[in-house]
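One chain comes next, on its own, written out as structure tokens in the form predicted alone.
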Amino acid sequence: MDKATWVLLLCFYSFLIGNLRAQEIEQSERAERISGAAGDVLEDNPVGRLKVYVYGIPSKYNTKRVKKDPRCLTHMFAAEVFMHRFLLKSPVRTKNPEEADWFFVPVYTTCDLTPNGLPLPFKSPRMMRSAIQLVALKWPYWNRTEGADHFFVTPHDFGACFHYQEEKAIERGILPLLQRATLVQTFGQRNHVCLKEGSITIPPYAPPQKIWAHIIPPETPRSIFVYFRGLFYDVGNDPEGGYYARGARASVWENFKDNPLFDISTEHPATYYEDMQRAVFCLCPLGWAPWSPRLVEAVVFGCIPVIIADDIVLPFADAIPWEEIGVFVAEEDVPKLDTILTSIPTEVILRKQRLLANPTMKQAMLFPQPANPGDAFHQILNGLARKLPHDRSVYLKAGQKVLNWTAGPVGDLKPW
């Protein structure tokens, strides 16, 4: 496409964006709700529908790790910390395990960080095994079901497969002792070894206070058509290219780096949050894993998420109407992104923006302190409540064993 055509397109979409913003402001008082289950679930109140017993295991498995490295409170895996804190004060908590519907084992498996703040997953399986062995020896409840009425928060890149590289995560598989438990995890991809049936997929942690500190006036024009900041290539871990993000991010850069409708870069400016609030569409492509905090940020900032991750299982998919608020683009269709986005009718864009403007939509993606009704904590509890009552088949007969305590890599069997 020649330069003159680009200029004409840019002028047209500048006009379109301005028109969109004017209509968005005019209709902001009418934040829309989807009728039926998607809208109703967001307002579910889990209190009174379940009781959770929180195991009081030694602090070396949880709080002591945060004291050693407070960075665990701010990284995108911090849901494991804040879910524990929330449950300790939640009205669903019971101190009588005999009346519990669910049992929570608070293990902070991602709170072992490198100097640059990335979690080291290599000790996590041993740590988790150690905690489960302790719970099984000290209390009778694990052995009744071998964990079928227990849940764990496992926010690693590939959940309870405990590795940040997909090939090795698949090779490892989910820790054998967690095969019957319910996993609350950020990783979600259909037909994948690291997502077991019945798991609850959650958003990654994004610090709410930091997000709210960057809110700009709602009348600010959305003058950016497409926005993205992040890596396109990971030369250090994928020197030959094509493996990182399955080539989708590289395709974004190669096809649209010179397109004036696309504000994309590897730079991460101080105005990153503000810029998202000035954009109509925010790209949310997969990286090493299909999920990232961009999804949370896009929803909170009212920027229509463009989800590029084949077979992704999105957070709280039974509570958030993702098809209504987002745009899904197949990885193989990335070269056609400009055509796909510019062909979306204005009224469809406006409706997605009205839905995103609904405070309950934003609230469901965050882990605020203190907690608020409808937030991510409550969405997790709703997910657990919907699994009740437990089927009688989860309770084992006397002496019955299902799990293999010696299964898995030899290194995982070493004491922690």
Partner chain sequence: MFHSNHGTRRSAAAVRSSTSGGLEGGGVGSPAASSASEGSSFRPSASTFWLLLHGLCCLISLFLGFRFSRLIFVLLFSNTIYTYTTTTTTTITSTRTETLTVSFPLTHTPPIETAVKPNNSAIELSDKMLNQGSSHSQVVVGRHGIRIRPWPHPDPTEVMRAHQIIVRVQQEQRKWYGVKSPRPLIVITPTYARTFQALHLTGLIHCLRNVPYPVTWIVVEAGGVTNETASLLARSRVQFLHIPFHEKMPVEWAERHLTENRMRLLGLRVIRERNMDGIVLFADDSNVHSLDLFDEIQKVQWMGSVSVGILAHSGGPDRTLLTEDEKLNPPIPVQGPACNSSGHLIGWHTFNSIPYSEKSATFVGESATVLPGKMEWSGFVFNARMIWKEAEEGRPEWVKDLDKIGENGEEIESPLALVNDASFVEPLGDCGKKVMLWWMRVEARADSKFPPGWIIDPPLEIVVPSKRTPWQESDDLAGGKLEQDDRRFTRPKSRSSSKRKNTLPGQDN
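On a predicted model such as this, the values are computed, not experimentally measured, just so you know. Positions refer to the first chain, counted from 1.
In what follows, reference is made to the form predicted together with its partner chain, a form of this protein that is not presented.
Asks: Counting only non-hydrogen atoms, choose the one of 103-111, 86-94, 134-142, 166-174 that falls within 4.5 Å of its partner chain in the predicted bound form.
Replies: Only one stretch passes the 4.5 Å heavy-atom test: 166-174.
Asks: Looking at 222, 75, 150, 129 here, can you tell me which has any non-hydrogen atom within 4.5 angstroms of its partner chain in the predicted bound form?
Replies: After the contact test, the surviving option is 222.
Asks: Identify, from the list 81, 261, 319, 295, the residue with a heavy atom within 4.5 Å of its partner chain in the predicted bound form.
Replies: Contact residue from the list: 261.
Asks: Contact with its partner chain in the predicted bound form for residue 247, defined as at least one heavy atom pair within 4.5 Å: yes or no?
Replies: Within the cut-off, so yes.
Asks: Would residue 99 count as a contact of its partner chain in the predicted bound form, using a 4.5 angstroms cut-off between non-hydrogen atoms?
Replies: No, residue 99 is distant from the partner.
Asks: Check residue 270 for me: does it contact its partner chain in the predicted bound form (non-hydrogen atoms, 4.5 angstroms)?
Replies: Residue 270: no, not in contact with its partner chain in the predicted bound form.
Asks: Is there any non-hydrogen atom of residue 192 lying within 4.5 Å of its partner chain in the predicted bound form?
Replies: Taking the distances in the predicted bound form, the answer for residue 192 is yes, it comes within 4.5 Å of its partner chain.
Asks: Could you run down 100-127 and flag each residue that has a heavy atom within 4.5 Å of its partner chain in the predicted bound form?
Replies: Result: 114, 118, 120, 122.
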